[in-house]
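One chain comes next, on its own, written as structure tokens: the form predicted alone.
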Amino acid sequence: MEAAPQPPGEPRRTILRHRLSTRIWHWLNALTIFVMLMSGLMIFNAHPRLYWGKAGANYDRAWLMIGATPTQGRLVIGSVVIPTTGVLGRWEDKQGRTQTRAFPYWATIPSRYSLSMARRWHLAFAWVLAIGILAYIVAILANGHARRDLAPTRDELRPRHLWRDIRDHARLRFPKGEAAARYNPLQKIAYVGVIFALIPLLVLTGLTMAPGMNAAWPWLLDVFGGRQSARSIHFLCAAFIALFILVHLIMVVLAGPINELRSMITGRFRLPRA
């Protein structure tokens, strides 16, 4: 049943939208993901090629490569070559000198080339990511947040319902009144995908690339088809996470950044007037 529109003179109702466990995990995860993405790009700079299978080296066929010719940067995906001068492959550093590494200094941790430092950052925050996602999944299963707020209903998964939600997003029609208190179907699908698929897959493929873990869990190499396949899946998952963050930030700005930000800090969300 649709809620009655709120009279213009009445104050907008405020609800508790985010539990403390969700807020803590959100901000901890935000920091962790950014450090891991940027340190991961520095690690990728050491060998900016991706392969499928168990092995891959300079002279093997890569399905993705970021490199440079004497005059331009380029991204190669299969047989497609995309010029990327100034952004990827060939760019200028802070001193104005031309560099030919895959990702520029402003996108990596550390900003200077250091594979050993990037690995330290990446592995340190990998523990934060792994323990954090495990604790958060246990918490939202125990307190009912996953079942009550995140799991889409059968009706929400119907093509007609999803298509209407996509059109509303494209037209920037955001829920009003009581409807804004609940996640919409696209939000639910995105959050469930990130929490229960993308981040666990990132952790598992990361473990697959660790020589120490291969001795303890050799079956991981078989599950992902070898270390190079695991590296490719790891990179693709990270790319999807980066895309999710970009879309998430755009939606926050369009939906009302102050209200959205306050709800993720204090938990209190002010319902938009219907």
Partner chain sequence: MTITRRALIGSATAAGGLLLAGCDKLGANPTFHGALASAEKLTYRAQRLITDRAALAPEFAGADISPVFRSNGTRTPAGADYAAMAASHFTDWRLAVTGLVARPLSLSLADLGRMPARTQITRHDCVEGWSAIGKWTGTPLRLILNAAGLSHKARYIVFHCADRIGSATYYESIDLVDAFHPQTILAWGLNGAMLPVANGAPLRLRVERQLGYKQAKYLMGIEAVTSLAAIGAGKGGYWEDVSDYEWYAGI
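Numbering follows the first chain given and starts at 1. Since the structure is predicted, the reported quantities are computational estimates derived from the model, not experimental observations.
Separately, the form predicted in complex with the partner chain exists; it is not shown, and the next lines address it.
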Is S111 a contact residue for the partner chain in the model of the complex, using a 4.5 Å heavy atom cut-off? yes
The partner chain contact at R227 in the model of the complex, heavy atom, 4.5 Å: yes
Just checking whether R231 would be counted as a contact of the partner chain in the model of the complex - the rule being heavy atoms within 4.5 angstroms. yes
Residue contact check: L236 to the partner chain in the model of the complex, 4.5 Å heavy atom: no
Establish, in the model of the complex, whether F34, W106 and G212 all lie within 4.5 Å of the partner chain, using non-hydrogen atoms for the distance. yes
Could you tell me which stretch in 192-200, 73-81, 168-176, 123-131 has residues with non-hydrogen atoms within 4.5 Å of the partner chain in the model of the complex? 123-131
Give me the residue from L64, I241, L28, M38 that has a heavy atom within 4.5 Å of the partner chain in the model of the complex. M38
Checked L204, M117, L186, V87 for heavy atoms within 4.5 Å of the partner chain in the model of the complex; positive is M117
Which residues from 51-85 come close to the partner chain in the model of the complex, meaning a heavy atom within 4.5 Å? K54, A55, G56, A57, N58, Y59, D60
